[in-house]
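Single chain ahead, by itself, as structure tokens, in the form predicted alone.
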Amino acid sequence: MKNIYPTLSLFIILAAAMQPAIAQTPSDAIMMNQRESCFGLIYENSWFDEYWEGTYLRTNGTIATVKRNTITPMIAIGAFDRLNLIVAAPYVQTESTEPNGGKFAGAKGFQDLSLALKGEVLKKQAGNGELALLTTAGFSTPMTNYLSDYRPYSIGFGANELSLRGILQYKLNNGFYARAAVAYLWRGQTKAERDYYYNNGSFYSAWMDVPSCWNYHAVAGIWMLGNVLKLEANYMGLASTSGDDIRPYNAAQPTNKVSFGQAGVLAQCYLNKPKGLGGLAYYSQALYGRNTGKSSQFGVGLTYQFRI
């Protein structure tokens, strides 16, 4: 099939699993105290009608718009005051439309189970604010036997992933804060339903190497109304360390060298009644990319914080 292109790879997915939008994520500086927990349920809709073939931006031809709906239940548990466990299991559905009004068959199912341990290394007063240094170690693995080579409809890249992240935040006493996070994602192999593929050379195997990558975040925001309302602007990027480009008018595959940068905004609030309940909404847009769709995302969700 021609004019097929990749969807965003997982850390738009530990990311669907771990968007910068819940009460606590692997890339923020929020920690639960011991025996405290926060449950989140997030709905995200993303779509694109253009994609980068290598670095060349093409308009979708045989497929007009690719749509992706994700529902992510997630929980953060305070194992200790300075050590939290985060678990997420997104359910993903993909579909697309044809220019003549028809639809292509998409895919749906549970994607990857994601586990992360986040620890607080340092927290101290510095000048007119507070400096925090944290680290996160994560692991994800496919929950179902989904077809990772079915691009752009695949719900994930179908390989195990290990990640290590560093997080640095400075928060002023008036509520303004800035945060930066950098992670390296080690990715394994995925199995395709074919015994030959091309990746800068011929491979007679069903097993494909999924490129590892760097992932980074930059955030500027403010807590308002006594830490009841949070507003922030954020930037998230991903850059594969290896891989190939989509060949002209060919199908994408898990071996592709994917990179992108996206900018977004987020609003999150905590309610006094009922106690512990909160809500959030966010939007982001891809600014540049390589071997991926020029995607937009919109999400809403509910969070509930409670003590065990």
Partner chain sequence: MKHHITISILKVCIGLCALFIVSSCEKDIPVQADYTDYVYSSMDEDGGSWKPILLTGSSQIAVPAPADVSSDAYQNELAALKTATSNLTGSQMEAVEYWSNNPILRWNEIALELVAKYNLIPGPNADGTYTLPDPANPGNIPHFPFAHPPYAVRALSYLSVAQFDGLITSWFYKFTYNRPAPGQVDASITPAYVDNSLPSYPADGAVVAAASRDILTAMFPLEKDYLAAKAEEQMASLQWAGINVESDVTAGAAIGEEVAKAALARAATDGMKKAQCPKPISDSLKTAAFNRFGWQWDNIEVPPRPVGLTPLFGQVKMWNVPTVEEVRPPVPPAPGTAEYEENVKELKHYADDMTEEWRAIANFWQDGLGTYTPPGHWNRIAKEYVLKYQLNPLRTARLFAYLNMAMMDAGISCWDAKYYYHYPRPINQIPGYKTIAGTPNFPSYTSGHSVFSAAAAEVLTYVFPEEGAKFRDWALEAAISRVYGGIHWRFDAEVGTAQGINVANYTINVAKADGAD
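Positions refer to the first chain, counted from 1. Everything quoted here is computed from the prediction, not taken from an experiment.
Not on display, but discussed next: the form predicted together with its partner chain.
Please state whether all three residues Phe139, Leu162 and Arg187 have a non-hydrogen atom within 4.5 angstroms of its partner chain in the model of the complex.
All three within 4.5 Å in the model of the complex.
Which of these residues, Ile77, Met208, Val219, Ala183, gets a heavy atom within 4.5 Å of its partner chain in the model of the complex?
Of the candidates Ile77, Met208, Val219, Ala183, Met208 is the one lying within 4.5 Å of its partner chain in the model of the complex.
Is there a non-hydrogen atom of Gly61 within 4.5 angstroms of a non-hydrogen atom of its partner chain in the model of the complex?
Taking the distances in the model of the complex, the answer for Gly61 is yes, it comes within 4.5 Å of its partner chain.
Does the 4.5 Å heavy atom contact test between Glu130 and its partner chain in the model of the complex come out positive?
Glu130: no, not in contact with its partner chain in the model of the complex.
With the partner left out of view, is Gly201 within 4.5 angstroms of its partner chain in the model of the complex by any non-hydrogen atom?
Judged by the heavy-atom cut-off of 4.5 Å, Gly201 is in contact with its partner chain in the model of the complex.
Does at least one non-hydrogen atom of Leu168 fall within 4.5 angstroms of its partner chain in the model of the complex?
Leu168: no, not in contact with its partner chain in the model of the complex.
Okay, which stretch from 233-241, 188-196, 220-228, 171-179 lines its partner chain in the model of the complex, with non-hydrogen atoms inside 4.5 Å?
This holds for exactly one stretch, 188-196.
Just to make sure I understand: among 276-308, which residues lie within 4.5 Å of its partner chain in the model of the complex, judging by heavy atoms?
The stretch 276-308, when checked against its partner chain in the model of the complex, contributes no residue at the 4.5 Å heavy-atom cut-off.
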